[in-house]
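Below sits a lone chain in structure tokens, taken as the form predicted on its own.
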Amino acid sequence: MLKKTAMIAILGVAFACACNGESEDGELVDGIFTEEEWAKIGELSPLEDPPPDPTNRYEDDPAAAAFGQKLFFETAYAGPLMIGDDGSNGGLGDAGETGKVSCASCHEGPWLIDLRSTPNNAALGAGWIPRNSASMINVAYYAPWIENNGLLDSLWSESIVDVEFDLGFNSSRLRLAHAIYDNHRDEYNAIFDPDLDPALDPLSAEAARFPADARPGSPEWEAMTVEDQDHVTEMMANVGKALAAYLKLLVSKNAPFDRYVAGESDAINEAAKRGLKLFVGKAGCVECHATPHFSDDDFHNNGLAAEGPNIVTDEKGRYDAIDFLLGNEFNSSGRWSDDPNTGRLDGVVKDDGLIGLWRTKGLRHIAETPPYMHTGQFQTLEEVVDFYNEGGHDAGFQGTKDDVIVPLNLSDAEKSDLVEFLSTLTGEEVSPDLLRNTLAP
């Protein structure tokens, strides 16, 4: 705490010198911010490296990250499409076709968002997923809760949850195991121990031990030995850890806002400065969008009445996620975690107070990643600001709205300034080399 406070003080002094800001006689920082406001602003920058995850011992392994980059574009293990391309929905092929879905299918472009599904509020994988695809840039800063409802408690478990989700890949861990053996065996074996079992080769005399398509609960899976089940499940966990190692590299920093806080007075314009003042003051955005990645990593009920094509309107947010989170064999306390003693799940229980709570989204590069909300029901930042200015929706939402969600009484000019500030949170783009399909010849 002392180090952070000292840093803010140093930043404030440096900025004052550069910008004729707050001085000993009480002048405002840069002619606009009070000392209290500037202290809040100092808590939002700079963006340091993503936090470590002790449950993934491969997260900083360059070989694992390189492997994860390949896996991000891999389609070989995808199961049959439930919804085909109708000529207008952006579908990935004909219904029933396999090998069509990859992570990159719903995370494209420099900010890794869904540029394909139509309408664009929800994502079309094997079927319609009732979620707007979030950006994967800076996703490693969410700690520990991943997904909008906190369904997972690590980035590596999030990276594999869609494999056996029917609307995602509609696949199975045996399809995945065979794809990894057929296409990536040597690379996998060089990183992970033990090596993949040679019986995964369909020409092996013992090939019957590993069916072509099986998952927990299926007759084919139940017919396998426990040892073979564990071998395949460990492989699946390792795939998630390699993907997480890759995603941890996808970091965007040095936004105009960061340069402004560091003392570059003209890094953002006057409207954005007024918007920043609103953000930490009258609009109260900083109450939830705290920390340098602009999320408090907590859950809140913002009074959103979910709507839109392919959206489940009666989802209960965090409440709905708890059973899966606690029962997930890939959670942080499970046998596949590299540190089952983090205590992340301590005190996590399901109660009615969680109904309608959703995780606070980070705001960096927010201007580049429409549409907004987990439902994708707002196409512009102006719509988002209007929603919060009105104090959320009056009815139709699940649970009880948070006390901080109240009408803000912002003028049109103030709303415009707030949007202008949000546009200053876009940092440098990730290197194109990290976004390249390394499966391609």
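Numbering starts at 1 and runs along the sequence shown. In this text, all values refer to a predicted model and were calculated from it rather than measured experimentally.
Absent from the display: the form predicted together with heme C. The rest refers to it.
Looking at 79-87, 96-104, 318-326, 194-202, the stretch with residues near heme C in the predicted complex, meaning non-hydrogen atoms within 4.5 angstroms, turns out to be 96-104. Although the partner is absent here, Ala39 lies well away from heme C in the predicted complex, with no heavy atom inside 4.5 Å. Not displayed here, heme C is kept clear of Lys70 by more than 4.5 Å at the level of heavy atoms in the predicted complex. Under a 4.5 angstroms non-hydrogen atom cutoff, heme C in the predicted complex lacks His231 among its neighbouring residues. In the predicted complex, heme C lies within 4.5 Å of some heavy atom of Ala123. Here the marked residues Ser172, Arg185 and Ala237 all miss heme C in the predicted complex; none has a heavy atom within 4.5 angstroms. Shown without its partner, this chain lists Ser252, Thr342, Asn310, Asn302 as candidates; in the predicted complex, only Asn302 has a non-hydrogen atom within 4.5 angstroms of heme C. Site annotation in the predicted complex: the residue of Ala214, Ala271, Ala179, Cys288 reaching within 4.5 Å of heme C with a heavy atom is Cys288.
Taking a 4.5 Å heavy atom cutoff to heme C in the predicted complex, none of the residues in 42-67 make contact.
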